[in-house]
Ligand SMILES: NC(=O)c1ccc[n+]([C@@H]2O[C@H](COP(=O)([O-])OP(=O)(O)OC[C@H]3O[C@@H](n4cnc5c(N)ncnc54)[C@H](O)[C@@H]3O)[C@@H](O)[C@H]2O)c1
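Presented as structure tokens, the chain that follows is alone, the form predicted alone.
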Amino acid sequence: MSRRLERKRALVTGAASGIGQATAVRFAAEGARVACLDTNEAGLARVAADVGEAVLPLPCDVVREEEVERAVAAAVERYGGLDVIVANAGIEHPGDARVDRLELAVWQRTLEVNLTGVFLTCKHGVRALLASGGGSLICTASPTSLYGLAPGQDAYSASKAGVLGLARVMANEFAKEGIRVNAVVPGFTLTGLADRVVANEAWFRETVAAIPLGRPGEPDEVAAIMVFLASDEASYATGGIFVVDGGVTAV
């Protein structure tokens, strides 16, 4: 590894699996110390065991403000501040549907995790970045935040569009205070969120057929973009939408 994140202090939500885990592992390999937040304590323990002392596992539910505030404070106390925040935690609710069939509880839960959870991570994360004199804030969005390409996933699509809108306004608000804010847009990636598609052979073939590169993405491929945005190499990048989707949104 190039150690592009040497001496960086990072916090990643949804770090026990998928893109969040891959990002935390890659950050550590690049020289960062990483606070890993997730509700999955067993998953956090596995990440910490695999990576070692560069990882600080912090059980946290991103929809509970007191837990987010406490976790950010713990990371700041351990590391003396934070330089990078990755607001990545999210869900795809199995009850998601088109609006006329969408239960209010499913809508509310999806927005609670995917949008309110990102808001709370950004709220307390930005405070830590400001105290450190600036840094990088990265939000995980989705191709569904750009185009209506996921019929039947109306709550998820709306939540991710909200994330994108939040990232853009924050980029404008905090630029003069030394904080860069960018959104990463992963396409169909082989994480736990993709298991339902992978398990359905016809659905999987249809999904892959719509990808110009002809294959799903890997979490490490998304993590590579996260590393760039967290690094000083991205010093002039803010307000950007960094798509990692095999070309889906290009056609």
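Start at 1 with the first residue shown and count on from there. Because the structure is a prediction, the values reported are computed rather than measured.
One more form of this protein, predicted in complex with the ligand, exists but is not displayed; see below.
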**Message:** For the interface check, one of 100-108, 167-175, 123-131, 81-89 should have non-hydrogen atoms within 4.5 Å of the ligand in the model of the complex; which one?
**Reply:** 81-89
**Position in contact with the ligand when the complex is considered in the model of the complex, options A183, V62, A223, V47, heavy atoms within 4.5 Å** = V62
**Message:** in the model of the complex, does each of V25, A32 and S231 have a heavy atom within 4.5 Å of the ligand?
**Reply:** no
**Asked** Taking heavy atoms only, is I138 within 4.5 angstroms of the ligand in the model of the complex?
**Response** no
**Message:** Please determine whether V113 contacts the ligand in the model of the complex, using a 4.5 Å cut-off between heavy atoms.
**Reply:** yes
**Asked** If you check in the model of the complex, is I19 within 4.5 Å of the ligand, heavy atoms only?
**Response** yes
**Message:** So in the model of the complex, is the ligand close enough to N200 to count as touching (4.5 Å, heavy atoms)?
**Reply:** no
**Prompt:** Going by the ligand in the model of the complex, which residues of 208-246 come within 4.5 Å of it through any heavy atom?
**Reply:** none
